[in-house]
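One chain comes next, on its own, written out as structure tokens in the form predicted alone.
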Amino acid sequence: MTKEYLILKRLLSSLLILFLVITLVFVLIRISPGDPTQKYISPKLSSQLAEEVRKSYGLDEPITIQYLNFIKNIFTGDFGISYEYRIPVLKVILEFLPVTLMLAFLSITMQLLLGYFTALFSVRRKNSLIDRLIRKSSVILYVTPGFVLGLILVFIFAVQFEIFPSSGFKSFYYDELTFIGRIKDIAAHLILPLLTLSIPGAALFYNYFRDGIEDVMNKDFVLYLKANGFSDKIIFRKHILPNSLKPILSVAGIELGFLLSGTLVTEVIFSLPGMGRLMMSSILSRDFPLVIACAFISALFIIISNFVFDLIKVKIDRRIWKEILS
């Protein structure tokens, strides 16, 4: 097997997973009880009018025909019209997607940086009191539910000290601010949501970084390099850190995928217009096209993030190719 064959195989399997996900969501949303057209229909209206409404949404056809039409439209990039917003689904998603993208990339960056530098600080003070405190605290922070952490942060920094806004993406006077003022306003609104998303993840990455670095530091080749006069900085940068990144990159790919698919709890607590909140509202309103499109985008982000981080992992450690190809 060649590298190109393995990459092509991975891409095809990813497309198959994506197809199965949207198919499953389509079937589940169609067979679930309820009728999305009922909220537009008054009991006083005739049954003929109700049928006309169902026909306009294409819900009068058998589910197999609806599915085939859906698949045909997907290949042309047409997810249909949102029942709730009355505009193309992709336009709705493009309005909510930027907030989720911003939160996801900022959060994964914060998680990795906080996890790395805290692990480095802890390893240098191995078995000390501060090291033991950090390790125990990391477990507590990781298992703390997101809604609990978010409410605690809101109570402390928004209610008690009134440092940061408690909700929203921007202030009501946002349009009156200068360019720099707008950036500061958005940043102030994002700090608490980012902390809510990043603290548990940083605690997780801290343990991965710490255990990985400590494990590699005890390898025989590290002692060999030290015996041959290599400096600690070079050994750490060129040998210890790269060899400890394999499990971290795997977890980072999964974490980024979930962040990109929408962080429902955080978006609800802080009233942020993101993909997670959009998905929940579309499910509750039975907006079939929007639910399926949100599921498609979420699955696509998870697949892409895992694929990209796998490529990074292979780039850092070329021995992975040898293991796969052997």
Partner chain sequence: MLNKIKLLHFILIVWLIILIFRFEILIDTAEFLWLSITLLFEDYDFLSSHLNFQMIDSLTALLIMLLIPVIVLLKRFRNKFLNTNVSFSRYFIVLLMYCFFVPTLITREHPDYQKNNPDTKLLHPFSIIYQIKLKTPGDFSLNSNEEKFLKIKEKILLKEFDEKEIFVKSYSLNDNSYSFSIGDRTVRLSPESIHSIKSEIVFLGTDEFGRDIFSRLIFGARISLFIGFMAVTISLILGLILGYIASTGSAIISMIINRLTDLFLSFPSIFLVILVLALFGNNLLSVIIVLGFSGWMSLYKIVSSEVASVKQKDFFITSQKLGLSNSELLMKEIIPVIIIPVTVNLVFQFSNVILAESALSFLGLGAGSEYPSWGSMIEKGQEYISDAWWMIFIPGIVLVLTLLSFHNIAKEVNKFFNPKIS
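Numbering follows the first chain given and starts at 1. These numbers come from a predicted model, not from an experiment.
The protein also exists as the form predicted together with the partner chain; that form is not presented, and the subsequent description refers to it.
**Q** Of the residues V139, L133, I234, L223, which one places a heavy atom within 4.5 Å of the partner chain in the predicted complex?
**A** Of V139, L133, I234, L223, the residue with a heavy atom within 4.5 Å of the partner chain in the predicted complex is V139.
**Q** Does every residue of I29, T144 and M279 put a non-hydrogen atom within 4.5 angstroms of the partner chain in the predicted complex?
**A** Each of the three qualifies.
**Q** In the predicted complex, does L284 have a heavy atom within 4.5 Å of the partner chain?
**A** Contact check for L284: yes, within 4.5 Å of the partner chain in the predicted complex.
**Q** Find out whether any non-hydrogen atom of S298 is located within 4.5 angstroms of the partner chain in the predicted complex, and reply yes or no.
**A** Flag for S298 set to yes.
**Q** Might I199 be said to contact the partner chain in the predicted complex, defining contact as any heavy atom within 4.5 Å?
**A** No - in the predicted complex, heavy atoms of I199 and the partner chain never come within 4.5 Å of each other.
**Q** My question is simply whether F155 lines the interface with the partner chain in the predicted complex - judged by any non-hydrogen atom within 4.5 Å.
**A** Yes, F155 lies within 4.5 Å of the partner chain in the predicted complex.
**Q** Output the sequence-ordered list of residues from 9 to 28 with at least one heavy atom within 4.5 Å of the partner chain in the predicted complex.
**A** Heavy-atom contacts within 4.5 Å come from S13, L16, I17, L20, V21, L24, V25, L28.
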